[in-house]
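Encoded as structure tokens, the following chain is the form predicted alone, with no partner shown.
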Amino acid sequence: MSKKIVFLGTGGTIAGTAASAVDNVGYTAAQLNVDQLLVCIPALPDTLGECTAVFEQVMQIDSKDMGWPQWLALVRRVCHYLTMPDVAAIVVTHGTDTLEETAFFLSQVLPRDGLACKSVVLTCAMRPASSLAADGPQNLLDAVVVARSQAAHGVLVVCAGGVHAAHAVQKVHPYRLNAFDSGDAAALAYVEEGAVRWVQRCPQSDRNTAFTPELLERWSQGPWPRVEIVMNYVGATGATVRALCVEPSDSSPAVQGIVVAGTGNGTLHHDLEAALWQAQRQGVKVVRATRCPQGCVVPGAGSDAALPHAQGLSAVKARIALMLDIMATMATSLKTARHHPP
């Protein structure tokens, strides 16, 4: 059976264009479809080898504008292809701004069995397709090389020759081509001249929640839980947290979770910490992360134990994990209520 590699396009800089080939900043993202990107890569057939390319444009969006409807659409299409026995892997083209969030989200909600032996590889570009020295074509080729590797499984990110796990990857630079890093975890592999040099094994599972695609479908029609992020800094107060916890006067959803990006090892100004404790007593779930780009909050005894830490996640990924945890908890409570009516 001939194997297929599915390319799912979502837009982003990799599909962007500018009026000038030397303009790498003043471009418009999400202008070209994924098939237009692939046809411009002469080396793609050789890199695919015996695999056949299948492509689909799931959306056309600048990733800064990514939202729940787009994530739901992407999950549905990825799940659709993962179940096909002749699909070897999936490559997703994505904007760099929120790529780390989409990668982590997919790693948390896609079926475990589907990712056990197949990979979903997200790739991107820091320069538009119209650039004199566009990086998108090489990133796409590298993503295919990784997707074809038998050692690859789970949700991975490929950019500038680096291969990163969804759990650890972060965008760390606003302009340079190697804009992604995995911090203390380090890259899983490097693509060098069309070959993958693995330095670590792909993680078996980086899932922190019991979420499932079926559970995701239950939320397809309604608003997703509102989880906000606040930060500690010199002179920080609890005013933002207290404002977030006020019952909305309109139809806006009430805040259900707050992730705080603390200084250092998750330290917090006393007023901000007091406001977070009060929010927690009101039923708002609170998680403590760090604003440091490397490392994670190391939990210890004392007052910090009152606020759960983010299990090594960055603030934006901790927000996703908390949101999914709230959704799973609410679904379980609803199921229990149906089976045990008052």
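Heads up: residue numbers just count along the shown sequence, starting at 1. Keep in mind it's a predicted model, so treat the numbers as computed, not measured.
Same protein, other form: the form predicted together with ligand SIN, not shown, and the subject of what follows.
Novice: Evaluate D62 for contact with ligand SIN in the predicted bound form, applying a 4.5 angstroms cut-off between non-hydrogen atoms, and reply yes or no.
Specialist: Yes, D62 is a contact residue.
Novice: Considering non-hydrogen atoms and a 4.5 Å limit, does ligand SIN approach I90 in the predicted bound form?
Specialist: Heavy-atom contact with ligand SIN at 4.5 Å: absent for I90.
Novice: Although the partner isn't part of this model, could you tell me whether G12 comes within 4.5 Å of ligand SIN in the predicted bound form, counting any heavy atom of the residue?
Specialist: Contact check for G12: yes, within 4.5 Å of ligand SIN in the predicted bound form.
Novice: D97 versus ligand SIN, in the predicted bound form: is there a non-hydrogen atom within 4.5 Å?
Specialist: Yes, D97 sits close enough to ligand SIN in the predicted bound form that at least one of its heavy atoms falls within 4.5 Å.
Novice: Within 4.5 Å, heavy atoms only, which of W277, Y27, W68, F55 is in contact with ligand SIN in the predicted bound form?
Specialist: Checking each option against ligand SIN in the predicted bound form, the one that comes within 4.5 Å is Y27.
Novice: Could you tell me which one of L115, A165, M126, A236 places a heavy atom within 4.5 Å of ligand SIN in the predicted bound form?
Specialist: Exactly one listed residue reaches within 4.5 Å, namely M126.
Novice: Work out which of the listed stretches, 265-273, 118-126, 188-196, 246-254, brings a heavy atom within 4.5 angstroms of ligand SIN in the predicted bound form.
Specialist: Of the stretches listed, the one contacting the partner is 118-126.
Novice: Within 4.5 Å of ligand SIN in the predicted bound form, which residues of 265-296 have a heavy atom? Give them in sequence order, or say none.
Specialist: Stretch hits: zero.
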